[in-house]
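Following this are structure 1 and structure 2, which are two forms of one protein chain, each written alone as structure tokens.
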Structure 1
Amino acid sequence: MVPFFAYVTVFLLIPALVVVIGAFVSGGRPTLGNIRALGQPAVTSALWHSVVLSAVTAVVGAVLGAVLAYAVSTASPRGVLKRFLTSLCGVLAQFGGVTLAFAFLATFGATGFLTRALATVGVQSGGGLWLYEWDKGLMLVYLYFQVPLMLIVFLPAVEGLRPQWREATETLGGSTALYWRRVGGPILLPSFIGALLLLFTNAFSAYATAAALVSQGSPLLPLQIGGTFTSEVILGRENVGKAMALAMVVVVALVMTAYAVLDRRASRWLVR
């Protein structure tokens, strides 16, 4: 009991306080300057990029992942296909950072095999430079862990759909399309939105992949925060980093709260 609370205090609560207090302190004095510094164009554009990147990959990843989850749910429950895909996605969902960046460089980079294969059929993909841009390559790379994450998160919900609901709809006179519109769809909606929010925070918090892939500039908020560590310390920059970190926590906390609410509703419907 005591070790647990002591540990959490030192390594979780104190860091949280450091961020919160640091966001409002500069040179030992309380200030709102750090928060005001969030209005700098570099920070606002990084925040905007982060939000767009996270939102787009969350929506696209959620839709693709949901289709995949449904397809997998129709396979035999103890079959090899389902086991293999869930294991694969379980690893890929956590597969960020360096290896992921390597993988995409080896595929779409200047000498990547797909780049070369496309070149032989006459399609030039611009030497793979698009891969380093946050609104092109990074989106594709993020999808590589967003889709698997969606499968892992959403599959239990799809499998919670009881065959009786479909059969009851049919005996009452409904077609397959009507089942999805009136029964299956509405039942899955809270789980789907919840999973989408989870995907958003997942992309929003990701640092490693972008850091390993993007070497110039800091187009994303996590990279901006990371920049306050590695760059030559401009006076007070460190505490602006804390303000950015606080902004990030606020966004993530809001989204996670919405997720928790939706998840509770979904679990009431899909009694497992």
Structure 2
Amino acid sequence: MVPFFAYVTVFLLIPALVVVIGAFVSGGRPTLGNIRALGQPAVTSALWHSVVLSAVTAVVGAVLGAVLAYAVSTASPRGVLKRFLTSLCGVLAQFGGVTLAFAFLATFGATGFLTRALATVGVQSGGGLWLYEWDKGLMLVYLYFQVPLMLIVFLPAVEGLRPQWREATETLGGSTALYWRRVGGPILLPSFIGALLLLFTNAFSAYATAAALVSQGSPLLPLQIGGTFTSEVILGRENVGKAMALAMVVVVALVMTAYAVLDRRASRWLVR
């Protein structure tokens, strides 16, 4: 366990302490000025945009991923299709950052192959400018890894539904709709909400993809934090960035606590 605790200490505990301490220090002295700076319009706007972006992509990704997970669960357990889809989603869920941004730019950008292909048939896509907007382009890009992640997280819960429960419903005269409303739905609901919260956290903390696509204005909180450390215009705001990071830590901690509670409740139905 020593290597594990050493890894956690270096890459989790120490950075967390630096953020917490730095959020309440300025010029070597304790202060609440960094926390009060969180009320500035630019910061609150960035926080709101991050929450909206994360919530929308989490809900859409959860619905699409849940439907895909159910479709995959009906395939043969040892079939090639199921193994291929689960392996593919495992790769796509981790495909992010600058690489993912470049893939979308090469496809939908002003000189992307799909944009040029549409132009040859007389269809104008606006030069791909929508790709650089946080409420359009980023939502589509985020869904690229949100949907596969939902499948990976939600598939065990779907596969935990026992066939005997559906057979018992049909034996008692229940329909398919009744089964999902009274049996399958309530059992999967905690797992679905837990996975939804996980997707929210995943999008809320994403940085590299947004930084590669949106280079002006810093409309998201992670970009605002990065700007406090890299801006050549406004200096001396590093501790304000740590205060913003602390706010993100609080939001993520609350969401992940709710996820842990729901996951513990849902795990009761996965025991065979």
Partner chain sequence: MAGPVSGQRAVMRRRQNAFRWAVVTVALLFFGAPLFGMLEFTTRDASGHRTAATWSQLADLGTISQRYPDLSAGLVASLWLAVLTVVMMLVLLVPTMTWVRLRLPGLSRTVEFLCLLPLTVPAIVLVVGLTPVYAWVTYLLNGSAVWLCFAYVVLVLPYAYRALDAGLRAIDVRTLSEAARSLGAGWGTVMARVILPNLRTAVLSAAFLTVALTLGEFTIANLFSRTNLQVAMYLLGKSDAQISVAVGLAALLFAIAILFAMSFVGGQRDTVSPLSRLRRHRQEPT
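C-alpha atoms forming the largest set that superposes within 1.5 Å between two forms make up the rigid core. Residue positions are counted from 1 along structure 1's sequence. As the structure is a computational prediction, the values presented were derived from the model and not from experiment.
Only structure 2 of the pair represents the form predicted alone. Taking 2 Å as the criterion, Thr9 counts as shifted between structures 1 and 2: its C-alpha moves by at least this amount when the rigid core is aligned.
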